[in-house]
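This text opens with one protein chain seen in two forms, each one given by itself as structure tokens under the names structure 1 and structure 2.
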Structure 1
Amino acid sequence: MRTIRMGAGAGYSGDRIEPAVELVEKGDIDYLVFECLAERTIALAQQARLRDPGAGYDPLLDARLRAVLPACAAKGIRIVTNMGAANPVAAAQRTCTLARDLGLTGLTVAAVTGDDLLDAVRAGDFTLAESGERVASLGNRIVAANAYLGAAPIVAALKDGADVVITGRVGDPALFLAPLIHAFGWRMDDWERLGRGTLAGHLLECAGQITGGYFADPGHKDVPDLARLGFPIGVVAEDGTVEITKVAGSGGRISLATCKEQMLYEVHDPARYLQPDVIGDFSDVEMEEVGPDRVRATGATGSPPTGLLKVSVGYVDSYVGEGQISYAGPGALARGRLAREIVRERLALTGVRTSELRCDLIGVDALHGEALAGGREPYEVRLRVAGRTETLAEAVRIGNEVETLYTNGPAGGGGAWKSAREIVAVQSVLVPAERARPAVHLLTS
């Protein structure tokens, strides 16, 4: 049976670059997919675009494409990525310039637009899924509203001969599903195959998380050579069956355990994995090790999508000020606790208004509270104070109050650090799918 080989070149915007180069050089792949757009990234990119109309795409676009474009062009490997973020057209223009700089003329670069639903969401009467409030309650604090588009515009771009397809927000698995629909001619109502292709995309979308990253636990789950972690290759057959593997000799490990963990990553009901093109059903998936670092997944299926698109709404939520300082040696915990009380009292005395304040002792209770920590006393502790404020000026004062512990606090406080930042938060609304109008723009280098 004919197969397509897809490589996952990045699992988030800051991901390592060499593993993608390794896939291109040694992976014998047909498609290279870079997934680089986290929930909040697009809202931050939209803010960048407002400051500079030519900006708003992934800051590592240049570095990633420079590293792989010449070899991809030589081997006919097609690239699909959401590095367009808030400005896919500018990203495509930049890609054409880069390609020409590299001596690659005649490449077709496609930009997929239509995910930006800011006007529709502002004008409509939508309810935020997380808070239950109306979108209107966010007023002019909204900075972005982007729908998770499906595979169709990417398929259209590939049909038009695009060597590189650059999108904004699309469902992450759709970046992988689209090449399969294109290559195998799957129908858009073949729910079983779309479900299987979605599983393949879901397994691959976080790149190193299925080859041994986010997995190692020495003595329990050992993974060789994580510094040279290889990124995954999905070998997908016409019937949608997927095998996950990696370049021989690369670091990491692919096993039933790594694949099962990744299959359930960010999944709620495994029978209803909601995507724009299909509802994936992974509940009857079976996995089998079919060779070294090679696992086959079968049994996924799907059903028709809901007809509603998830739209991430980014808005300026608040400001957060933070300060940290460390204590070590005998009595470290008592001094950390004293420091915590001093900062709490100082913030009250000096009138810093916070709507939420956390005073954690890293090494004791910062991640899961005191109950799970079980009362074990550490050699060193680090106080971390983080508070939410309405203004940046007040946020700055939180870190300052931690820093003044150097000369005004308990003995031996060291390594103070502080920050204050604007928080762009994200909630979501559901919008009828027909409100989004995806479009493909073709450019030539």
Structure 2
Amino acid sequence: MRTIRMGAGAGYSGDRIEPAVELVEKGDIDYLVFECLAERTIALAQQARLRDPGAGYDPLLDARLRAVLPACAAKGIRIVTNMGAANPVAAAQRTCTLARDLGLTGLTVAAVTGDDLLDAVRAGDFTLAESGERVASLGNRIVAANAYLGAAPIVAALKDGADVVITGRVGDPALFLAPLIHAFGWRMDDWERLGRGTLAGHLLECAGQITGGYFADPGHKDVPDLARLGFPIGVVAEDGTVEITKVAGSGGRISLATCKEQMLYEVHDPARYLQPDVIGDFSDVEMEEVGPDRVRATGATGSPPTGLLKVSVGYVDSYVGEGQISYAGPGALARGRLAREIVRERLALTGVRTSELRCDLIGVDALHGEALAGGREPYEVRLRVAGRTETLAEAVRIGNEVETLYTNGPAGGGGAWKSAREIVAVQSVLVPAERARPAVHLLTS
């Protein structure tokens, strides 16, 4: 039975680059997939594009492609990525420029567009799934609305001969499902195989998570050589069966436990994993260790999709001001607590209005509160004060009050730091799939 080898080169925008190089050099892969878009990432990218029409794609596009493009071109490894973010066409143009700079002429680069539904969402009568509010209530605070597209436009780009396919927002598993559909000629209504391909994509999409990165817990779930963590390879057969492995000798571990944890990651209902191409059903999946760092997964299936696309709506929610300062030595905890009370009182005295305020002693009560803060008194503490405000000016005042503790607070404060920033939040709406009109744009280096 024919197989396709797919390497996961990234699990988020700022991920390491050298594991992807290792996949290209030693993984004997057919496809290298970079999954780089979190929910807020594309909204922030849309803001960048508004400031500069040539921006809005992944900031590590240059570094990643310079590192892998020559070897991928030499070996015939095709690249699929959502590093296009808010501007896939600009990302494709930049890729062509990079290819020419590297002496790679004749490379075909495809940009997939059609996920930007900002105008449609603004004009429609949609309800935000998380809050139940109408989208209209956000007014002009909306900065982005991007639909999770499916595999079809990526398949079309590969069929057109693209060596590199760059998308904006698509379903994460679709980045891996598309090469399988293209390579094996799966029908777009073969729900069983689409479900199996979606499982393969879901297992691979977070890169180092499945090779032990997010899994590691010393003394309970030990993982070797995390500093050299290898990223996963999916060996997928024509029937959709997938084996997860990694480059021999790379750091990390692939086991039944790492694969099971990843399968359930961000899956609310394993029997109904809603994707734009298929509803994946993982409820009967069986996993088997078939060799060192090698796990086979079988039993996934699928059913027709809902006909609705999830659209992430990014909007300016508020501003957050933050300040931090450290205390160390005898009495550090008491001085940290006094500093906290001073800042709280100062914010009240000066009339700083916050809709939410946190004053935490990191390492003492920041995560679980005073209830679990017992035990030996710490030798050092760090105060963090953060507040949510309606204006940037008020957010700035929070950090300023922490900084004034240098000369107006308890003895021995040091390492003060402050910031004030706009917060882009994300909620979701469901939009009929026909409202999205994906398109493929082909460029040549």
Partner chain sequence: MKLRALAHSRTGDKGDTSNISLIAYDMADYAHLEAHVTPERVSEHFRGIVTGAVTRYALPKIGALNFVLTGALGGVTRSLALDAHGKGLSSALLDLEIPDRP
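Fair warning: this is a prediction, and the values are worked out from it, not measured in the lab. Between two forms, the rigid core is defined as the largest C-alpha subset superposing within 1.5 Å. For numbering, take structure 1's sequence and count from 1.
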*Does structure 1 or structure 2 depict the form predicted together with its partner chain?*
1
*asked:* Where the C-alphas stop fitting one rigid part and start fitting the other between the two structures, you find the hinge. Which of 421, 249, 338, 359 is it?
replied: 421
*asked:* Superposing the larger rigid part on its C-alpha atoms, how much does the smaller part rotate between the two structures? Whole degrees, please.
replied: 8
*How much does the C-alpha of residue 333 shift between the two structures, in angstrom, given a rigid core superposition?*
3.7
